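One chain comes next, on its own, written as structure tokens: the form predicted alone.
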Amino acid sequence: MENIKELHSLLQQPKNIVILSHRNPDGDAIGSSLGLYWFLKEYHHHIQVIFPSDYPTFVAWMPDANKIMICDTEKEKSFEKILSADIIFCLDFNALDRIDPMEDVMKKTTAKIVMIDHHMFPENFSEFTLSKTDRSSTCELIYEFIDLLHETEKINQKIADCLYAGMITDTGSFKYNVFPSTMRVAGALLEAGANNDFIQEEIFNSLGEKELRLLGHCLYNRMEIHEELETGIIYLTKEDFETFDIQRGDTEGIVNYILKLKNVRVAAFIKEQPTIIKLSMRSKGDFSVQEIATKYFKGGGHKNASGGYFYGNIENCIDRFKRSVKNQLALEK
């Protein structure tokens, strides 16, 4: 990060600080936001974390998660906080359309803007930027940010728990998108007090009966395997959402089950929602789902983990995804 000394100087006196992350926040979004929140509290700043939409229940255990402001339900207060901020941290996103409906008000702010993110192709909207794609997660970059400030001794158990949890969720317990730096940071967080057993239990072993039955339905009734494409697809219809009363976070991680199949390199989880169809894509090895997300589904992400969306019916969406994989495989030859 350039001009880190200038930012460090700004943080020495209490400021009004807002921390933002993207719509439909995942474990990395909330972990990085709350990890930074607890770190900045060491400087006695006035801090508000704001998300465009609510977060999943499997991360609700994080300290002060209940104090996060949700723009969808507190729009005016969210806008007021942004406009009165001295510094705004933008975490786990690098394009302002990821924080709709706060995009327009962000263009009016006079605050200093800090972007910390690990996705490709960042937009140029921040004065201070820490953007690296060769990092597992934004949580890993928050640790790196604290290290750049020479303040790692301030990392307590609350900070360590939040950052470690985000790293776990974005790597699937260190199964993918892992770099040497990832394991070094994870070790440092454990040394700082992160409780691995507790965090693993809260994230991966806290399903309700509904979620487990939904997983069974996905694997038995909604999974397609296309051997010629080395591809697996799980889809959910609008009717499935009603039948299982699916809420935010209930489908987290389901896409990863497809990649457990030895001969599957590409996986997609396709969800038909009232006005839009959303896709979560994963891959093994050198196959880039990021290119598929960008070219065919107005999305993006990482080489092995990306997302996108589609307008139309779910059958056409599935067909488009299969054709996109076929085209991508042809480019490999």
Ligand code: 5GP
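We number the residues from 1 along the sequence you see. Everything numeric here is computed off the predicted structure, so don't read it as measured data.
One more form of this protein exists, namely the form predicted in complex with the named molecule; it is left out here, but the text below deals with it.
Checklist entry - in the predicted bound form, do H8, P14 and L40 all put a heavy atom within 4.5 Å of the named molecule? => result Per the other structure, none of H8, P14 and L40 touch the named molecule.
Checklist entry - Which listed residue (K112, H119, K158, R222) meets the criterion of a heavy atom within 4.5 Å of the named molecule in the predicted bound form? => result Comparing distances to the named molecule in the predicted bound form, the residue within 4.5 Å is H119.
Checklist entry - Could you tell me if P52 has a non-hydrogen atom within 4.5 Å of the named molecule in the predicted bound form? => result P52: no, not in contact with the named molecule in the predicted bound form.
Next on the checklist: Taking any heavy atom pair closer than or equal to 4.5 Å as contact, tell me whether K278 reaches the named molecule in the predicted bound form.
Outcome noted: Within the cut-off, so yes.
Checklist entry - Even though the named molecule is not shown here, does V264 get within 4.5 Å of it in the predicted bound form, heavy atoms only? => result Because no heavy atom of V264 falls inside 4.5 Å of the named molecule in the predicted bound form, the answer is no.
Next on the checklist: With a cut-off of 4.5 Å between heavy atoms, is H45 one of the residues that contacts the named molecule in the predicted bound form?
Outcome noted: The answer is no: H45 has no heavy atom within 4.5 Å of the named molecule.
Checklist entry - Which of these stretches, 52-60, 31-39, 65-73, 294-302, has heavy atoms within 4.5 Å of the named molecule in the predicted bound form? => result Heavy-atom contact with the partner occurs in 294-302.
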